[in-house]
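One chain follows as structure tokens, the form predicted alone.
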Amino acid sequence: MNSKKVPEGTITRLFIYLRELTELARLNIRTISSAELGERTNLSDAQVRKDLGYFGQFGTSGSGYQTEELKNALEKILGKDKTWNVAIVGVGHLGSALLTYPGFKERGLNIVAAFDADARKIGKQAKEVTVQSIDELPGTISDKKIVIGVIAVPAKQAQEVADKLVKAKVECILNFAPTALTVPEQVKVKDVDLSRELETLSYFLANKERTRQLIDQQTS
């Protein structure tokens, strides 16, 4: 593996490559070139080669990649050959939706615990998971070997929850609260601000509208 730090964008694209390779393997397509993989993912062949180059030498010049071989290699690189236990903190509308989403398990993410501070929610069950008191978080994290914590609480409570997860030795946090978290360097945080992501679309809509108005003015 390349000693240089792997960019976040590369990791994101590896998942896209893996999705395409999985489909190709299902169709029994045995080889694919970097140009073909790039075309399927709307990327250049140079980008594909650069991304894969961080992790070693794949394929043969002139012959492309062995689909199954590259698929298996990416699954190992991305940790898709293992199952990771996940806990959700905050069982409101978002947390409840995440708890019942069936796609996580298919991707090796096993939601095994859920926590909330609201006594009315404690003891309720979503699929096979029973909502527990936030006070039970440390023991459950340890007992169930949970390595990923999902924060789905309001912004003002997010840092306190993050502190609890860090103290319980969770290694990664997916943060849905619209606030920046302070955690130790060894804990990986991924922020997902749904409101911000939706807001960015307003720029493209407004820009599209301005372009349309400009065209109308020029042609009128």
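What you see is a predicted model; the values in this text were computed from it and never measured. Start at 1 with the first residue shown and count on from there.
Not on display, but discussed next: the form predicted in complex with a further copy of the same chain.
Proximity to a further copy of the same chain in the model of the complex, defined as a heavy atom within 4.5 Å, singles out one entry of Glu68, Glu171, Asp45, Glu160, which is Glu171. Interface residue among Asn28, Gln57, Ser63, Ser195 relative to a further copy of the same chain in the model of the complex, by the heavy atom within 4.5 Å criterion: Ser195.
Looking at 185-193, 28-36, 45-53, 160-168, the stretch with residues near a further copy of the same chain in the model of the complex, meaning non-hydrogen atoms within 4.5 angstroms, turns out to be 185-193.
For the chain shown alone, Ala117 is not a contact residue for a further copy of the same chain in the model of the complex, no non-hydrogen atom being within 4.5 angstroms. When contacts are judged by a 4.5 Å heavy atom cut-off, Lys144 does not count as touching a further copy of the same chain in the model of the complex.
Contact check for Thr130: no non-hydrogen atom falls within 4.5 Å of a further copy of the same chain in the model of the complex. Heavy atoms of Asn72 never reach within 4.5 Å of a further copy of the same chain in the model of the complex, leaving it off the interface.
Applying a 4.5 Å heavy atom cutoff to a further copy of the same chain in the model of the complex picks out Ile11, Thr12, Phe15, Ile16, Arg19 from 10-33, in order along the sequence.
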